[in-house]
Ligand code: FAD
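One chain comes next, on its own, written as structure tokens: the form predicted on its own.
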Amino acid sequence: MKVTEILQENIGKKLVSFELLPPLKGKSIEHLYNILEPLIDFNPPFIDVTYHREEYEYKITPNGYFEKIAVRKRPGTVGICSAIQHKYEIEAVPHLICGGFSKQETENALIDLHFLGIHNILALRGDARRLDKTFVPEKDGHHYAVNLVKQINQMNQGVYLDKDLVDGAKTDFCIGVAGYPEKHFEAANYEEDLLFLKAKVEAGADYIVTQMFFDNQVFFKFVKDCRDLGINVPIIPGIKPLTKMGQLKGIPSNFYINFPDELVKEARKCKDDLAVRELGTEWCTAQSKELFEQGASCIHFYTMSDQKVVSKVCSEIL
């Protein structure tokens, strides 16, 4: 079932979904199941699985020189999504990114997903590699998520890269994209970023999942601004509980978002990470309750493999 169909059929209900990281290379699928099992009790209608492109590392060679090599630390997104759907009968949503894929490789990945019965995709540009200053696409790859959305939408219409291909099978992907209530860090300003989001919707995106936020007023304003601009697809709020003191610095620097003054002041009073964790749980619970009260039908949790806190929040709000 498509994410949009799930949302339409559950208007007025409280749904939660989760985003998971693939296990590190060398870990088994059981490692992922152990993270997922506590969350299954909350009946998530879909589970997102992130995709991680290769990273460059420098390793010393026997002759003493450094060699630049490409390493993928978290492979297996497509296989994991297939395993989740098979084991739990829950819709899995793989993240498909521009980075690391040519257009032909993207088409082949979409064909595999279609054959596996995966009906939903979150289309993202993806981040720059760790040692790259800016995002660098593959040769003949997409520079922006809007171009990836267009390619997926074209396949939904039976149009493939091979122009000589006649009567191509139509895929039926539901396309999600990312929205940024505090704007994407590369956009010149908030208004320009909203126009970029509108372009993704006009290119074929069916729904939006937001970057995490800790201030609901930021989300409410974002939704209103989207609607005023003519963006009328479902917007799913994405949130995450604060769990460590170090995240007060790490989350803003990595995700380019702000913490509310009240949360920062209370966190600074905490004596240790356990106290921060309790504060973060309470804050996230209050956030979730208000989001549901204001009409959200689904809340998307960024678990980051910390399922215990997310489980505690879900037990309080469902």
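In this text, residue numbers run from 1 along the sequence as written. A quick note: this is a predicted structure, and the numbers were derived from the prediction, not measured.
Not on display, but discussed next: the form predicted together with the named molecule.
Checking 226 to 234, 163 to 171, 100 to 108, 176 to 184 against the named molecule in the model of the complex, the stretch whose residues place heavy atoms within 4.5 Å of it is 176 to 184. Just one of M245, L124, I118, A203 comes within 4.5 Å of the named molecule in the model of the complex, counting any heavy atom, and that one is L124. For the options Q154, Q211, Q85, N216, the residue carrying a heavy atom within 4.5 angstroms of the named molecule in the model of the complex is Q211. For the three marked residues, E19, H95 and F196, a heavy atom of each sits within 4.5 Å of the named molecule in the model of the complex. T285 falls outside the set of residues with a heavy atom inside 4.5 Å of the named molecule in the model of the complex. The named molecule in the model of the complex is not approached by I239, whose heavy atoms all lie more than 4.5 angstroms from it. Contact annotation for Y51: at least one heavy atom lies within 4.5 Å of the named molecule in the model of the complex. Residue contact with the named molecule in the model of the complex: Y144 places a heavy atom within 4.5 Å of it. Counting a residue when any of its non-hydrogen atoms is within 4.5 Å of the named molecule in the model of the complex, the one hit in 274 to 311 is Y302.
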